[in-house]
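First, one chain by itself: the form predicted alone, in structure tokens.
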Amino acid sequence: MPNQLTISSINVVFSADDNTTAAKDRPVTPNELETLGVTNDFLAASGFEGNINQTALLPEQDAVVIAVGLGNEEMTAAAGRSSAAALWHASKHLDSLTSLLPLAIASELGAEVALQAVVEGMLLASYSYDELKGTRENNPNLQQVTLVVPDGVDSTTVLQKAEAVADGIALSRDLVNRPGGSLSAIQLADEAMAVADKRDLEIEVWDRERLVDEQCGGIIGVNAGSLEEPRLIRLTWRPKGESRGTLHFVGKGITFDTGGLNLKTFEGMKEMKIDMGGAAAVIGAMGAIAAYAPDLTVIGTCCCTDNQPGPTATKPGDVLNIRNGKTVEVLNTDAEGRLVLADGLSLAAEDQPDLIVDLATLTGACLVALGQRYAGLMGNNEDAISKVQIAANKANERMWHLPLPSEYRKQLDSEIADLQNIGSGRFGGTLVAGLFLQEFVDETPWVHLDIAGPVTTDETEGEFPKGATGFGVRTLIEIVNNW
């Protein structure tokens, strides 16, 4: 898109070629401010202290020079992305930029990690969602970026990985930002097929008839009131050599959630285009994972439909037959995400993978408990929980470990079915939802991520513009890379 930086606009040069004099930035820590050649009064007036996310335009220079804060804390890839994002925001109206940032942080991160962090940070900071605008603002935009790196960096491979990660996150953002009327389950499957074609992934798409044949009663039940067909999407990466194991990611793909016959209020419904954020993360991550070519089998399953209050919709009290043979009494049609995930998790468990991770904008209760910055993390296996938590920390995606208390399981008891889809009590809705999902993974190590909060943000900050964040994509990539 015209308002976004592309990988083709980024050029990498080596420090030995003496490109430092052409730089238009000066990366500094708070202890290096005197090297900028400006007065303390200027720094005070500009509010620049050399911290992460801070920039300042330096005066009386032959060319435009931007000071970039690196902070005093240990440099991480996430901090590198934040610094790069701040630099992009400060320089986006320039025609071109030559930056020393990857060179400055390479001593702490390693040259290739530093370069990838800077490229991803600039690409993602430049993201904007404007595909539905009739007229687009014709603002000047940064067209060419030259990055100075240490000698010997394999920049081609690094740029390919950075582009794949940024593309995956940008696609996830696009899908979540897109209105429900412009993204049916069929259209979501088309997006997944485009990713599969580009990244050499296997893909299988189940239509309504196939879902009925495969006894996916949760997806069929949620889809019952809709004019749009449901889809189950299965993306697979297979290594060319022997596989060290299998990881299976499952995403909730409710393309719009009205609540069904338990109709939401306007306030509850107006943002429900985001309810396929889990599926968006899985699709985006699968494309990026393929670029790393892991020696693991990685499967991404997305359970996709809208949830509508049509005359044929599932009614409160109806009983659905889930893929694994269990029956569910639907007491609230607005607790639909767990119903489609029940089929997806059942299918994942049949593969007997080493780990299942599901992502879902599942409960408002998680948003109430943890706010908009944290996802809830639950699971049935301490080792699996630890692996996912480590990956999330490395990805800089905030998650909080919540319990799955067995004493709450009785809230899901039904008089006419194996279980009901909501708890009998008022409280602990996020935990009870997790206990519901646990019924469909057998003994497979499994982690559930409730991403209702961080799937979007209300403000622009660093590499994250207002709107969809692409949350979860990085964590899934790190799970695979750290396995």
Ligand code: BES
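These numbers come from a predicted model, not from an experiment. The first residue of the sequence shown is number 1, and the count goes up from there.
There is another form of this protein, the form predicted together with this ligand, and it is not shown here; the text below is about that form.
The contact with this ligand in the predicted bound form, taken as any heavy atom within 4.5 Å, belongs to Thr363 out of Ser184, Thr363, Asn177, Ser155.
With the partner omitted from this view, the residue of Lys92, Lys264, Lys326, Lys394 that lies near this ligand in the predicted bound form is Lys264 [heavy atom within 4.5 Å].
Partner contact region in the predicted bound form: 329 to 337, out of 329 to 337, 165 to 173, 71 to 79, 120 to 128, criterion any non-hydrogen atom within 4.5 Å of this ligand. In the predicted bound form, at least one heavy atom of Asp257 sits within 4.5 Å of this ligand. Taking the partner from the other structure, this ligand in the predicted bound form has no heavy atom within 4.5 Å of any heavy atom of Ile322.
Of the heavy atoms in Val441, none are within 4.5 Å of this ligand in the predicted bound form. Among residues of the shown chain, Met193 is not one whose heavy atoms approach this ligand to within 4.5 Å in the predicted bound form.
Shown here without its partner, the chain carries Ile274, Leu367 and Ile422, all of which come within 4.5 Å of this ligand in the predicted bound form through at least one heavy atom. Scanning 220 to 256 for heavy atoms within 4.5 Å of this ligand in the predicted bound form gives just one residue, Lys252.
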